[in-house]
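This document opens with one chain alone, in structure tokens, the form predicted alone.
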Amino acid sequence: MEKCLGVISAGNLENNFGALCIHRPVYMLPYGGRYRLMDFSVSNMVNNGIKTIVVYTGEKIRSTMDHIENGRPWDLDRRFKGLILFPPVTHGYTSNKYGDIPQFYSTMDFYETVREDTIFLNHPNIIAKVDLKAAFKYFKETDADITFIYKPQNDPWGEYVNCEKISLDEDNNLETMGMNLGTEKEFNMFIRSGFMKKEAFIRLVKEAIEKGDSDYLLDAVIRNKDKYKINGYRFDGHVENIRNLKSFYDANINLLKKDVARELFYQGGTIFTKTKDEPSTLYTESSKVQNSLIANGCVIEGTVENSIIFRGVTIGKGALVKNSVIMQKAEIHDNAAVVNSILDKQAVIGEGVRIAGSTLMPYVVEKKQVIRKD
């Protein structure tokens, strides 16, 4: 896959995540105790042989720069190829500042000069350990201009309403793409990943700018679907489609299922992230831990059940943490209770304080927010 260029473009979904995305883009949300969402996209590309990866950072770039740095954790700190960051640009190509078409066009010189002839486009908010080598082989063998990756998703309860769905004909070629409205118990969920010939990519971006009819690449593809050979590649593994606060909470809690954690963390290659040297977690005699994922550097004196605990978290004596996601260096003091909640980094829950949300709407404590009885 050396002739394939990886491109990560996340779009603008910050409004769906409330206080968690005041200072960070969605793809930089902490996940699984020590990772960020984007770690899975970058790691999967590297594990499948993609050596040049482009990231469109969006406007909230500080956390991205702090986490990614020069790409060393993914072996992308190279003199040639490696990791390339494109910050947002001010443009006059369109009235919609959030579209990806203007961003792609602003860096068109890069695409016209790189040697890779194929582009793998990926949305980092969707976590899936796709075998990209197999998908790339299918893309080449079918001589498609564009190959979308999809998952047949069983959805009897409407959990995936408003996710994108694709319809394919008997030859696996694209017929239509739209939104899932929950009218079918099973649908083909587009997981926002796919391969595209570079010449098709360049043509679509330039035509969209010239005509002014599309701000997003996907819209341009759909408008011109009769001009290109577009097919689908089926993926049957686990998918986390993180599109709002609840789906982010669920994606973390789902890691407590052994089969999900085993697939996402180990199958198809290791997930790499920025390393931080911290001591092992300390469990005191008063601690009780059940069915939880706990990172290093923590001090656990209370009770933890069905929760994801990030690095450096402190949980005091008599405290209860249940069905919650506690991010890095948060503090939960003695006799406090945190249930069905998300605590952002360095949040503090004072002694004896009790907070609780629900599985449908978790309670969120902002970064560095302090909640005390007084």
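Position 1 is the first residue in the sequence shown; the rest follow in order. Bear in mind that the values here come from a model prediction, so they are computed numbers and not experimental data.
Not pictured, yet referred to below: the form predicted in complex with another copy of the chain.
- In the model of the complex, another copy of the chain lies farther than 4.5 Å from every heavy atom of Lys317.
- Although the partner is absent here, Gln103 lies within 4.5 Å of another copy of the chain in the model of the complex, judged by heavy atoms.
- Taking non-hydrogen atoms only, Glu186 never approaches another copy of the chain to within 4.5 angstroms in the model of the complex.
- Residue contact with another copy of the chain in the model of the complex: Val260 places no heavy atom within 4.5 Å of it.
- This chain is displayed alone, yet in the model of the complex one of Lys206, Arg72, Lys140, Arg223 has a heavy atom within 4.5 Å of another copy of the chain; that residue is Arg72.
- Asp109 is the sole member of Asp109, Glu170, Glu210, Asp236 with a non-hydrogen atom lying within 4.5 angstroms of another copy of the chain in the model of the complex.
- Only one listed stretch (271-279, 198-206, 237-245, 122-130) carries heavy atoms within 4.5 Å of another copy of the chain in the model of the complex, and that stretch is 271-279.
- In the model of the complex, Ile22, His23 are the residues of 14-32 with at least one heavy atom within 4.5 Å of another copy of the chain, listed from first to last.
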